[in-house]
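One chain comes next, on its own, written out as structure tokens in the form predicted alone.
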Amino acid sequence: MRKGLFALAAVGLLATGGLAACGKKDSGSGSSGGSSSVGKVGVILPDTKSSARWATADAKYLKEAFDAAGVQADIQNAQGDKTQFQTIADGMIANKVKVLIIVNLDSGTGKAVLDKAKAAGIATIDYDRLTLGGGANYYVSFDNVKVGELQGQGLVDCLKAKNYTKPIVAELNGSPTDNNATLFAQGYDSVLNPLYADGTLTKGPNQSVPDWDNAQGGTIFEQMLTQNKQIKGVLAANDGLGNAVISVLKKYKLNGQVPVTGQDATTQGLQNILAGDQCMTVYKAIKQESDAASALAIAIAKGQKPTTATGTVTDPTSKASVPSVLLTPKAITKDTIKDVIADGFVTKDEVCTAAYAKACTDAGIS
């Protein structure tokens, strides 16, 4: 495995995830093979529209880790459908998986799935998003309050660079049913609210986007801009929403004049930064997250006691303390896009297409 700039400090995570076992391999795009003496793992990812990562990164990295460990894994995506999410879970429980990893679509349906798994004696891991009141055995994610803090500070820095006086800031939050969106907002509001209070910034429209839907996000932002044409900065909660904002700004010939934040370091987000249309993004090394989750699942599947979830998170609904692995995010600007490429998360060829070739050279990407 390639060690990148942001390689996980806790070597134990990778060591556990890398244990090999022999066994016949099953064919199929969503499953990994393994020995029948080792328990199976089920993984339910949420959709492919809220972020490109669910299609391009998580499934790939998780499958690679389970394959390397000889653990059979069934990795499926609910495509944003709550009924499908529950149907997939029912199938995995019926197939007697030993571990179930979920990225919930909302805490209500997530909890229903976790309750069924618990009743069947299946260990559970909340991946990326905590299921409020869900009672998962483990939680693996990034420090999501820190993600928001980086976004807030990034926007402040970009507004300062524009020399705007008391600029109006619009906030386009993530889905109200996603606890991560709440944590992101907690982080960026901790940076922005004091500046609203002292008059450095002016608080503008603030709205959440159902289901992280980028099309809805664009519509919501266009309504914001129509009602307040003096918006000078946009705190967009991820790259998809950021791109929706940028599309609207282009329509009004305001792109590049209004700093826009993002998250996930998607190829599109990085290209928007290179073009000068997006201020920054937040890089979450997804391979670190998938390695951490797979390490826990592999240990359980092999009948071992996991040792890597050394942190805890308090579930705000149940007040329970959940053993956790929380990873560190990194702010990315034009000057540090090369770090994301060096880490292997995206390739130079993906980012530096013909339209962005000069911008890549100017940014020191070689």
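A residue's number is simply how far along the shown sequence it sits, counting from 1. It should be emphasised that the depicted structure is a prediction, and the values quoted were computed from it without experimental measurement.
Note that the form predicted in complex with a small molecule isn't included here; everything after this is about it.
- Site residues Arg53, Asn180 and Trp212 are all in contact with the small molecule in the predicted complex, judged by any heavy atom within 4.5 Å.
- Of the residues given (Phe221, Tyr283, Phe85, Phe184), Phe184 alone sits with a heavy atom within 4.5 Å of the small molecule in the predicted complex.
- Contact annotation: the small molecule lies within 4.5 Å of heavy atoms from the stretch 263-271 in the predicted complex, the single such stretch among 292-300, 162-170, 198-206, 263-271.
- For Lys287, no non-hydrogen atom is located within 4.5 Å of the small molecule in the predicted complex, even though that partner is not displayed.
- Of the heavy atoms in Asn238, some are within 4.5 Å of the small molecule in the predicted complex.
- For the chain shown alone, Asp277 is not a contact residue for the small molecule in the predicted complex, no non-hydrogen atom being within 4.5 angstroms.
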